[in-house]
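This document opens with one chain alone, in structure tokens, the form predicted alone.
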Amino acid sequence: MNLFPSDVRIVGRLIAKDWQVYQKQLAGFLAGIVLALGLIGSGGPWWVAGAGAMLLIVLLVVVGSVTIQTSLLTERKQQTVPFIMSLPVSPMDVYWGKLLANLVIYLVPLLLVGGGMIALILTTPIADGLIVWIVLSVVFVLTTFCLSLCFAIACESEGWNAFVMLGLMTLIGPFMFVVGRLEGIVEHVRGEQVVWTPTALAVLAAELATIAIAIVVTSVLYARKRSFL
């Protein structure tokens, strides 16, 4: 059972194909993210910054769901996969092409949000200790996206895919609330030093491990499929 692509160049072309299809939509989302970051750093009333923060979360959730919907679920309806499989590609080429294309596309707005928030914290009076909470929250959003993406690749049921995506999205708010109050994190959030305590590192390691496990499990399941059409 081979879990890796047979031709890296083919995978690169599949990634480029999805990027070209999605780049115009992505540009609109990036403009919205820049607007939200501007609201947060405007120095206006608290509700302006709150609206910007809410807009950031909504945009990250929407861009993730739209990416998966466009790249995977819509293509299944349009029977694009049989056409791709008729080309000189292996099933694992297609798998890694879809997986990496979605990750690359999603990492662009995600890194803009994370980098933008860190830049705002470092250049404004906001406590630098908040950076740890921001990083953990952003990586958790990435974790929920990866879980949704892996499930969408492994499961061909549109109903179940929608259920899983919505379920994972609802965990973002509670996670941000809970992790910000964990012992080892809460006492440093309002401080002027960025402190990576064992608790914070454990949460980060758990997030990264979850992403890695999801990708490995999905790779095994996809490699064991008997039919790809």
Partner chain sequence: MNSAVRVHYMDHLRALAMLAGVVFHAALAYSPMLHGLWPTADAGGSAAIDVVAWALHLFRMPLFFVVAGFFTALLVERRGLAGLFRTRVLRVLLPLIVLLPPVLLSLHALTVAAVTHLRHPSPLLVLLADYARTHDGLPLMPTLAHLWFLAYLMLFTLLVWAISTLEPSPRLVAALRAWRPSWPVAAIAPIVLVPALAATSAPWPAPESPLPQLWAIAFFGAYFALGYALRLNPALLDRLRRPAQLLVVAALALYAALPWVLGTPRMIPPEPAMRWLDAALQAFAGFWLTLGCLIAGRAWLDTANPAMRWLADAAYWVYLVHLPLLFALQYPLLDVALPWGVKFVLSTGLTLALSLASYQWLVRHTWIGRWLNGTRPGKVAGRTRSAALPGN
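Bear in mind the structure is a predicted one, so any value in this text is a computation, not a measurement. Residue numbers count along the first chain shown, from 1.
Below: the form predicted in complex with the partner chain, not depicted.
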**Stretch in contact, per heavy atom within 4.5 angstroms of the partner chain in the predicted bound form, of 183-191, 199-207, 64-72, 28-36** = 28-36
**Prompt:** With the cut-off set at 4.5 Å between non-hydrogen atoms, does L122 touch the partner chain in the predicted bound form?
**Reply:** yes
**Prompt:** Using heavy atoms and a 4.5 Å limit, would one call G41 a contact residue for the partner chain in the predicted bound form?
**Reply:** yes
**Prompt:** Is P91 a contact residue for the partner chain in the predicted bound form, using a 4.5 Å heavy atom cut-off?
**Reply:** no
**Asked** Should G129 be classed as touching the partner chain in the predicted bound form when contacts are defined as heavy atoms within 4.5 Å?
**Response** no
**Asked** What residues, if any, in 134-168 have a non-hydrogen atom within 4.5 angstroms of the partner chain in the predicted bound form?
**Response** none
